[in-house]
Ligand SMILES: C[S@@+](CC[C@H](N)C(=O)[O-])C[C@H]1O[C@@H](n2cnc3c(N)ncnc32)[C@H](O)[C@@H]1O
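This document starts with one chain, in the form predicted on its own, laid out as structure tokens.
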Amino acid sequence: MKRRLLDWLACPACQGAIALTRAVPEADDIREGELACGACGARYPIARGIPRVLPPTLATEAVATAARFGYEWMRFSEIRPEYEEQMLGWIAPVGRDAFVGRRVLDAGCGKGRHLRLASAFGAKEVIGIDLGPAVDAAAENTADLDNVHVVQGDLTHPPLRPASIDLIYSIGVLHHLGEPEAGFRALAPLLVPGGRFVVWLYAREGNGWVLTLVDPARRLTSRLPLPLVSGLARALTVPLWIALRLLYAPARTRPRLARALPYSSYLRDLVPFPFREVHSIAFDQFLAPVAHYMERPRVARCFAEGGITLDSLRWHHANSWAASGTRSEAR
């Protein structure tokens, strides 16, 4: 943990200021230590360079979700060059320029793949928060970046000071909360007036096959041992991989074929990825205890509940929502 992170941390229990009470070593980069809230006295450890700023109680469902995704990101921890184009597709029309000189929060940073990109896009500081063991993979994947900070925390009780962030992005995370609206309500106050909130979410519209076949299976597989789910996902990846190579790869240059294939816009984007990454994507679909496929009006309500003015709501790949908005200057 870098000492300057203390300028933005806050107690998740009471929002009080947090101070460093013990640091090993006594230097700018702290590997082990302890933080304490000056208001309520709560104490939080720093372990393996990561402040573990978790609220005193966590929902059982949230812990299970974080643990299962943590298993995925620790197992599939690679960072790939294809992630840049993928991320830019998820956040468009917001682009690289939105990050330049900004203090940025990755709300649900997983293994840190987007932290590296936010840094490369010119962010002044990038803070990644995740609830489970994925933070260790994120810290390892960003250890060489001085402007990146990784925090273990709960997005519904974020351990950051209000009005301390210029840009929040959350990609593929808030739809896995028990109540996605709670994530918007908790995160929006972290933005400075005029700050930007960017999300990518599963859509209900356009996901008929997923809702009919994949989601019911997920309700079962989310209760199975993770190695077994990974094995099942790998078996399903084989026919998907064959389809990607034989059908969706040619469809990238043949518009008529692309129009004839299901989920063409989405699956054509997976063609450049190796088998292992496609396995990870399939695994991701089957491990979560909670997955909300959100209708357009609900996404708009989430922004409204957070006090965020919705600027863009785009149906991405005809199966998901890419949305962005700004916090009112008057708040």
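These numbers come from a predicted model, not from an experiment. Note that residue numbering follows the sequence shown and begins at 1.
Keep in mind the form predicted in complex with the ligand is missing from the figure; the text below concerns it.
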Segment assignment from 142-150, 111-119, 242-250, 215-223: heavy atom within 4.5 Å of the ligand in the predicted bound form: 111-119
Using heavy atoms only and a 4.5 Å cut-off, decide whether all three of T65, L155 and H176 touch the ligand in the predicted bound form. yes
Report yes if any heavy atom of L191 sits within 4.5 Å of a heavy atom of the ligand in the predicted bound form; otherwise report no. no
Answer with yes or no whether V198 is in contact with the ligand in the predicted bound form, where contact means some heavy atom within 4.5 Å. no
Could you confirm whether A134 comes within 4.5 Å of the ligand in the predicted bound form, counting heavy atoms only? yes
Should Y44 be counted as a contact of the ligand in the predicted bound form, where contact means heavy atoms within 4.5 Å? no
Counting non-hydrogen atoms within 4.5 angstroms of the ligand in the predicted bound form, say which of L167, I171, V210, V94 makes the cut. I171
Taking heavy atoms and a 4.5 Å limit, what residues of 66-81 are near the ligand in the predicted bound form? A66, F69, W73
